[in-house]
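Just one chain follows, in the form predicted on its own, and it is written as structure tokens.
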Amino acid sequence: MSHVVQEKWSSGTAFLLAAIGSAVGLGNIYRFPYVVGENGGGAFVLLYLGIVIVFGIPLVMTELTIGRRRQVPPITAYTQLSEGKKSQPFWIFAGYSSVITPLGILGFYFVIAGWTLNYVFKILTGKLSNLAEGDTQAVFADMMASPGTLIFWMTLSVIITAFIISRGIKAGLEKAVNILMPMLFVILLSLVAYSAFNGGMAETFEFMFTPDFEKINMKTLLEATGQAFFSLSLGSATMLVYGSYLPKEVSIPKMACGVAFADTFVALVSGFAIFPIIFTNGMELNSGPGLVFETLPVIFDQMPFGNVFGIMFFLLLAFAAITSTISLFEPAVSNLEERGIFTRRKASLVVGIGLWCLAALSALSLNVLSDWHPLAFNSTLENKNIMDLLEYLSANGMMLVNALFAAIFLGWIVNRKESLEELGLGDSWLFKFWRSIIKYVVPPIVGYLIIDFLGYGLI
């Protein structure tokens, strides 16, 4: 039999740091700035900010409201809030979907978190010194080709995450983010300051903020919407479960705005940390792992005090990865604990073992299992290995589906009075605006994104 979750965040600030930690991941640090440059610069930034404000913040408010209303984990929240409805079995399914999705994400994210930990070790031990870019490409390729290396560092990321989660809300999650998030901000701002003194800022401003409205089209709109949803951890049960630990006196609208602002701030500031270094050194600009694991180590090695800032940069990546894995790990553990199936420590161990097995398959799919394509019978998925499938289906597809479920659930199924009381806005125009967005705007937009994801795009 379920019971109300007793432990809570000690303050709104503690929640905010944890939620920001969840939202700030590797994609903010090396993907977002590049996407900005490729999609119209300042025009894309304006579009992205508009989407965060109009869609992102209302959806964060929605998931926090579902979580805090009964102060129970996601599955129980969907069950209790749909009590008496004929559609309750479907909404129980929606609760399960929200909890399973982050497990799929962790199946590949733990492997990438392991890369960052490995590179912290490599740069600390001088294994990235005196290398040309071709050499760093070989170092990265060697890591990818070594099952033992990938599994060792992936295992370390699982152990760190499971240990933090096992200690509970205040001693585990809260203590971890109170240490990691300030360090993350300090490192990021230090890198920006260093970049400012070494040139390249003018080119970065032009690259990121010169509006090119000709590049704005429906594809750009979809990409900006998807980036906002993924960046804010929507549809991954994080805000649902973090909301269940949120004290009643804390304002959900203020917290939602805080998370959205901080997440966007980190994404934009990351551009000013990375791109001046790229431009000043005349290196080729590319996105993803190539930029982070192959190009930047060469630049750090050539810069004055570059070793120090290289260490800081890879620590930044590691902190961003671990704060995200913590938030994705928590929903499953909280569900098992709340239902009395396991104690928190045992739940952390059980979930950790299961995720280790899944992440090990992901790691092996990069080398010894690279020729295994489990869904080869599907034309869209025929060339995807296990890691590709987990990313495509969980991080791209199911997050959208779960965000759609949450919007329809709170907008159309849950009694209006529940939202009115929980948000604390009164029956004001702000509340009516939020409810209109959730009921009438979010479902068709997210539904369109899902159709596009399924390969039936209308553009």
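All residue numbers are counted from 1 along the displayed sequence. Just so we're on the same page, rigid core means the largest C-alpha set that superposes within 1.5 Å between forms. For clarity, every value in this text was computed on a predicted model and none was experimentally measured.
Here the subject shifts to the form predicted together with 4-fluoro-L-phenylalanine, a form of this protein not shown in this document.
- Of the residues given (328, 158, 351, 224), 328 alone sits with a heavy atom within 4.5 Å of 4-fluoro-L-phenylalanine in the predicted bound form.
- Residue-level contacts in the predicted bound form: of 335, 118, 324, 195, one residue has a heavy atom within 4.5 Å of 4-fluoro-L-phenylalanine, and it is 324.
- Within 4.5 Å of 4-fluoro-L-phenylalanine in the predicted bound form, a heavy atom is found for none of 62, 76 and 245.
- Contact with 4-fluoro-L-phenylalanine, judged by heavy atoms within 4.5 Å in the predicted bound form, is confined among 229-237, 78-86, 270-278, 158-166 to 229-237.
- Residue contact with 4-fluoro-L-phenylalanine in the predicted bound form: residue 252 places no heavy atom within 4.5 Å of it.
- Residue 27 belongs to the set of residues with a heavy atom inside 4.5 Å of 4-fluoro-L-phenylalanine in the predicted bound form.
- At a distance threshold of 4.5 angstroms between non-hydrogen atoms, residue 292 is out of contact with 4-fluoro-L-phenylalanine in the predicted bound form.
- With a 4.5 Å cutoff on heavy atoms, residue 386 does not count as touching 4-fluoro-L-phenylalanine in the predicted bound form; it lies far away.
- The partner is not shown here, but in the predicted bound form the stretch 399-420 reaches within 4.5 angstroms of 4-fluoro-L-phenylalanine through a heavy atom at 399 alone.
- For residue 48, a C-alpha deviation of 2 angstroms or more is recorded between the shown form and the other one after rigid-core alignment.
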